[in-house]
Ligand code: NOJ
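Okay, here we've got a single chain as C-alpha cells, the form predicted alone, with questions on binding and movement later.
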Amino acid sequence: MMTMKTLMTAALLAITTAAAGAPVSVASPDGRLVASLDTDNDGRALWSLMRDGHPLVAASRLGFILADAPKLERHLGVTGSERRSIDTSWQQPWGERRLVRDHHNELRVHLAESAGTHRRIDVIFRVSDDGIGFRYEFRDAGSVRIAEELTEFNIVPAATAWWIPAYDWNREEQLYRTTPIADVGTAQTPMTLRAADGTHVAIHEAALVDYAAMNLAHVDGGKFRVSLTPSNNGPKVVRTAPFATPWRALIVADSAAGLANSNLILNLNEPNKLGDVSWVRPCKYMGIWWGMHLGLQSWASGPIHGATTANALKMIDFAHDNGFCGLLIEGWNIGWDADWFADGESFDFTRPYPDFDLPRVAGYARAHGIRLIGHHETSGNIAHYETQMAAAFDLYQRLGIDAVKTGYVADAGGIKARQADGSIGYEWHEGQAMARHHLYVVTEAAKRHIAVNAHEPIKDTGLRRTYPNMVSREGARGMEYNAWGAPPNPPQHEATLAFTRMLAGPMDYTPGIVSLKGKNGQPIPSTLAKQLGLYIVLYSPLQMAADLPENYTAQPQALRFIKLVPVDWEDSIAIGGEVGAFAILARRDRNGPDWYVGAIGGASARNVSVPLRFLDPAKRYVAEIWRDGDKADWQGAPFDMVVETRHVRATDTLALRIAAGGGFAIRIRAE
C-alpha cells in the first residue's frame, strides 16, 4: 500500500507556450542531467541528453510508422509545454527497500503537425538524479495501429556493452555478450553500457502495459533504434487513443553499483491499484523441482514421478522442520505424459495425477504451517490456459494456495494465442498479446489473493509497484542450466545479472545448490560460499532453497545461513562491483535489526573491501561470516568454506577474498 509523504516544491512550476521549433529542456534535481527536445528543418522531433555538461545522448529521432496512416514524424512543431517538480516518498508492501523516494522534474511537450491532418502527440520527460524516462501520449481519439517506433538512442561516448540478442529461439535465457557498443546486434533490454570515464548507462523500459516490448536495433556506431516485438496481426501495437506508451528509460550512474541503487524503473510505474495487499507474503520455499532437472524424478507419471503424495508429505516435513514457509510442487497435474512442449493442449489445471492427493497434501501443508506454491505450465499455449485459468485459481483459493508459478516453455515466436476471429495464431513472448495476457493473469489471481511468479515471462518493467502480487519472475538463464546446460552458467554469469537483468526487477534464480553438482555429477561453476551470497545479491521476495533435502543435511553450515537469511528488506545498498566481475550488496531485514551482506564473484579471484558505514555508529556489532577458504576455487576446492565471527563497528572495513567462482555471505547483528 502506498503512503505518500508530499514534499512538492512546486507541483506545477510553469505552463508555457513556445514557438514551433523552439528547443525545450529539463534538468534533474541535482542539475547533472539535462534532457532536451528540439525539431529540425523538416519538423522531425529530436531528443538529447547531457550529463555534467557533456553529451551523453546526441540528437535522436522520435516518432512512429503507422500501419494505416502516414508516419508520424515530419512537420512537427512544439506548441507548448508544461513543467512540474515532484519530491515524494512511497512505501513498498514488500521489496528491496520499504521507502522509495521519487524526486524528479517533469517536462510535457505538446507537438502538433503543421501539415496534413494536424495530428497531436505529447512527449513527457521525467528526469531524476538516477536517470531519465520519456514516453509518448497519443492525444487524438481513435484507432492507432503502430507498425514500428522510430525512437532512437544515439549514445555519444564509446562504451562496452553487456547484452543478449533479441528474437533468439531461447527467449531471454541466454549468456550475456560483452562487446564494444559498435558490435552490438539487436539487443533485448536492459542493456548495460560502461563508458571509458566510468559512466554507466542501462537502457530499459518501464510500465509495459498493452504494448509490444522494446528491443534495440543497432544502426551504426552508438546509435540504436527501437525494434518493437512483432505481432501475428500485422501492426505491432493496436490501441485506441488517447493512451500513453511505456516509458523509455535510461538509468545513469557513476558506477555499476549506482545502477543497482536506482529506483527509476519503479518510480516510472503507477501506484498500487490493488489496495490492501497484506495477503502478498514473501516466502523462502523448497520444491519438488531440482530432482527433475537432475533426472532423478519426472514431471510425467511413472516410477520416478516426483509429485506423489508421499514425496510431498516428506518435503513438507523437511520444510517445516527447517523453518521454510513454502513448497513448490511441479508435475502434479494431468498433461505431462503427452508431448507437452509441442502444444500444451494436454494440460488440465484442476485434475491431479492419481498418485497425488491434492486436498490431502494441501491440508497437511496448512496443518504444518507450510504454504503450497501451485504450478501452471502452459507450454506457451495461452489460448488453452485462459479457458481453464479461472477454475484453476478458484481451486487454489479453496485449498488455501496463495501463490502460483506460471510457465511458458515454448520457443520464441511459439506462443499460441486466440486471435480476434477465434483462430489460433503464433505470437512472441514479449509481444502485445503477451503483455495483455500477463496482466490478465495477475489481475485474475489478485481477485483470489494469489501471487504470481512467472517463468519464461514477459520482461519485468516495474509493474510490481502497480500490481504487488506480481512478485517475481524468471526472464534470464537460471540455475537449472547448471543441471543440464551445455555449457552451464559460467562463473561470471551472476555478477553480470546483478547489473543487467536485475535492474529490471526480482528474479527467481533458485539459488542454494549446496551439492555443487548438476545432472550426472556435472560440476557447478560456484563455490559453496557463493551459493549463499546469491541469496542477498539476486533479490526475490520468493527465494528457493533449491537443492534436495539430503544435500542440505550434508551441509549444515550452509543450511544454517539459508534458514537465517530474510527475503524482505527494509533497505538495500549496492556497495560495489563491476559488471561480470563481482557484486557486493548490503540489505537490512525488514522484520528485524540485522544487516546481511552478500558478494558474488566472477572467473578470477579478487580481494575486496566492505566498508560498514551503513551500520549505526553508536552500536557495536558481531559479524558472522560465511566465506571462501584460502584454497577455495570452484574448479579445485569448491567446498572450502570458513565460518567465523568478528566484532565490528560502522567505522570498520572488512577485507575479504572472493575465490574464482566464489563469494561470501555475512550476517551482522548488534551485540
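Computed from a predicted model, the values in this text were never measured in an experiment. Residue positions are given as counts along the sequence shown, with the first one as 1.
Although not depicted, the form predicted in complex with ligand NOJ is the subject of the following passage.
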I need the one stretch from 594 to 602, 330 to 338, 425 to 433, 215 to 223 whose residues put non-hydrogen atoms within 4.5 angstroms of ligand NOJ in the predicted bound form.
330 to 338
Does any part of residue 396 reach within 4.5 Å of ligand NOJ in the predicted bound form? Heavy atoms only, please.
no
Residue 364: heavy atom within 4.5 Å of ligand NOJ in the predicted bound form?
no
Can residue 405 be called a contact residue for ligand NOJ in the predicted bound form at 4.5 Å between heavy atoms?
yes
Answer for residue 480 alone: is it within 4.5 Å of ligand NOJ in the predicted bound form, judged on heavy atom distances?
yes
Identify, from the list 94, 299, 90, 153, the residue with a heavy atom within 4.5 Å of ligand NOJ in the predicted bound form.
299
Exactly one residue in 104, 501, 375, 587 has a non-hydrogen atom within 4.5 Å of ligand NOJ in the predicted bound form; which is it?
375
Judged by heavy atom distances of 4.5 Å or less, which residues of 569 to 589 approach ligand NOJ in the predicted bound form?
none
